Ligand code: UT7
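Single chain ahead, by itself, as structure tokens, in the form predicted on its own.
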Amino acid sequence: MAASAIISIGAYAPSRVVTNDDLSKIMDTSDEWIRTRTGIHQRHMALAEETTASMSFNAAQAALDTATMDAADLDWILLCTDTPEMWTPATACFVQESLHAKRASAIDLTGGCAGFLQTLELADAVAKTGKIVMVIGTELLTRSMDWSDRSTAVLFGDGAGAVIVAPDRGQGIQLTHSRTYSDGSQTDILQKPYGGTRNPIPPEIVAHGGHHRIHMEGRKVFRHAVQRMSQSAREILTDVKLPVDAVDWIVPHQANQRILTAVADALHIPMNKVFSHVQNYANTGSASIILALADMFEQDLILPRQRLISVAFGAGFSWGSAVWTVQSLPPTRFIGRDQ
């Protein structure tokens, strides 16, 4: 049966680091308040001249360079983000031009924090036909926050990741199996309501930045995230007949530490098998799983023949899981990884 594989990984985190203490100077919060509730110590924030497209380009170019591949070889650029360069054209088109990927068709997708796994499932199907796909997960979230709302603004950071997906030739990370889901009946629990055709932005809301406010019912989001990520992980393990104790690593969406710990507990997986660097990067949305993978490879945490499970949950609600088999270590470059 045809398969595809991730053959290269590129990641980018902006050089500007904002600590919890920095945030305590502009809002009613403290390092202790943020750490105890989220596990987050700091986050990376885009510089004034950076945009979603420029961060995406950095990650994509890193993936191409480390694979010694020319952008002209790409057939598709699939870019997932909730913070696009502009409404139209697609952010992927800006990246395509910057890369000089003249042959690639370029489109944007959005799926909240589960968007990367959803986009990767589409890329897997395309790559199985023989094509080469660049998948980018990217978010510039810190420019889309209401900085008077400590319940949400402290959670997020900026970053971009890119993977090259190609027909499986026995190298890289084989995309063994995936399951993704959505439940549109839950859209009111986690959303950023203003700015689309349903809720145009009133001038009086813009005046005090309320158009950036994220509506999140924290307790409900926590419960749904833990239940749905753990359930989808159980289902996919059943699909591939893989016992939980045979999993070498869980590579989760880096939402916050409380969610990661609760998912591990629900799956009866020890925390030393659950990768977390949320303390240094916060929640980077659709970029977070790629940043985590890149960090793990650069720290030599992943070895050939290991089995990885990735899980994610986000607005929509959308969620899912994937099983990956490490056939060989893909070339990886992480620009801006914390030392």
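Quick caveat: nothing in here was measured; it's all calculated off a predicted structure. For every residue, the number given is its place in the sequence shown, counted from 1.
Just so you know, the form predicted together with oxa(dethia)-CoA (UT7) exists too; it's not on screen, but the next bit is about it.
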* Partner-contacting position among Leu267, Leu237, Leu155, Ile250 - heavy atom within 4.5 Å of oxa(dethia)-CoA (UT7) in the model of the complex -> Leu155
* Structure fact -> Note: exactly one of Ala262, Val221, Leu242, Cys93 sits with a heavy atom within 4.5 Å of oxa(dethia)-CoA (UT7) in the model of the complex, namely Val221
* Asked: Is oxa(dethia)-CoA (UT7) close enough to Trp33, Cys113 and Ala255 in the model of the complex that each of the three has a heavy atom within 4.5 Å of it?
  -> yes
* Structure fact -> Exactly one listed stretch (123-131, 197-205, 173-181, 145-153) reaches within 4.5 angstroms of oxa(dethia)-CoA (UT7) in the model of the complex by non-hydrogen atoms, and it is 145-153
* To do: Classify Thr29 as contacting or not contacting oxa(dethia)-CoA (UT7) in the model of the complex by the rule of any non-hydrogen atom within 4.5 angstroms, answering yes or no.
  => yes
* Verify the contact flag for Ala71: yes if a non-hydrogen atom of it lies within 4.5 Å of a non-hydrogen atom of oxa(dethia)-CoA (UT7) in the model of the complex, no if not. => no
* Using 4.5 Å between non-hydrogen atoms, is Tyr281 touching oxa(dethia)-CoA (UT7) in the model of the complex? -> no
* Just to confirm, Thr38 within 4.5 Å of oxa(dethia)-CoA (UT7) in the model of the complex by heavy atoms? -> yes
